[in-house]
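Only one chain is shown below, in structure tokens, and it's the form predicted alone.
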């Protein structure tokens, strides 16, 4: 077991400076870090994880879930992980002015398009291609594009929808960059062929019983439905643009049916969104039906906050419930402050009953991507409130606002009566911006938790041990990298709204 290492740091956000010492876990060495701000650490960390993420993208377009080939073996192209990763790559391409970086991101996007088109013809145990590309329900492939052929949770109906969302994003970029013509015609053709097939799968198979994003439970899932709905809505708009009104109408009708179905997942008695309905197979010990998949669904399918976006009352209280539960059941979270007395948010796992430890089955642990998701949902909800110029605190979302930390030096804080009785805040009120700052601080505390357990050299694994805090599971998990990159980006966006500058 490696030694713990100490990091003295200063978190600077808004007009508030917090000094603290955070303990982290690293695999092979102990190292002292100088005093740095959280924003500076994020800049360092993202500068490290971006090339690590890119190194997991193979030249043939396959996206490694992790370079780990044993204990556990994640040396595969997972449809879901790949789509989410490549959507992040598309965002990096859009956001950088560096010609070298743009070239690398563009090459990866092109390779992914060709690899995805290759998968259209890959036979799989999930179904036949002639049945509206039922073969695309296969969750993972060997890196040469051959479908995994051993026992697994299949079909997984969210992967094709996420692929479609990613390709629609790519095509938007290609349209914007048409003057420079960075995308050749063959690449555009490959993207469109892959897009059409994945939309076809989604439109005809969304109602099929499938496995959840953790590949453990068969049924109807909130995450899958949210991905499918967004893919079909955006796909319908695209079909209209290319002169396919009948297909567009069909997609719109399927999305409308999903809109109705997804509203069934709210459990008013428990006070959170359920992960799965109509369970028909898979593990049977997940009694709470409380899952980080709900928050991930809001983040991965946000469409201008119009339907279960990060600022939605039911999403926020589900996030608050997850934080409360993991704060209690994972022993590492009993340490709520670092060495300097500054609060750390709880490390978040997948769901309370989790028994997957990264190498077999015993007990679940904290996941870096889940903890980053809790940070991001705070940032994006705050951005939503700022854009709308309105925060309404009501009976449903009161637990979330009650959980927000107090910002030192902030006088215009929410009072207990504000939360219990309900209040509507506008930008002209001091409490409006104070609430946004509290949401920023809450998100920062989750990122501080990630820093607490991550390697000082930039590596982020799949999990961190619920007892010791040391990293475990697959090393250099691609999805972990992508989740930190997006959380850091939204943090910077929120800082610009609050202060007009990056940290």
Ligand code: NOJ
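Numbering follows the first chain given and starts at 1. Treat the numbers as computed from the prediction; the structure is a model and nothing was measured.
Only in words, not in the display: the form predicted in complex with the named molecule, which the text now covers.
The contact with the named molecule in the predicted complex, taken as any heavy atom within 4.5 Å, belongs to 477 out of 439, 63, 471, 477. Out of the listed residues 152, 250, 307, 432, 152 is the one that sits within 4.5 Å of the named molecule in the predicted complex by at least one heavy atom.
Note on the interface: of 375 to 383, 75 to 83, 404 to 412, 391 to 399, the segment with non-hydrogen atoms within 4.5 angstroms of the named molecule in the predicted complex is 75 to 83. Interface residue remark: residue 350 is counted as part of the site for the named molecule in the predicted complex, having a heavy atom within 4.5 Å. Residue contact with the named molecule in the predicted complex: residue 326 places no heavy atom within 4.5 Å of it.
Using a 4.5 angstroms threshold between heavy atoms, residue 266 stays clear of the named molecule in the predicted complex. In the predicted complex, the named molecule sits within 4.5 Å of a heavy atom belonging to residue 214. For the candidate spot formed by 356, 367 and 462, every residue has a non-hydrogen atom within 4.5 angstroms of the named molecule in the predicted complex.
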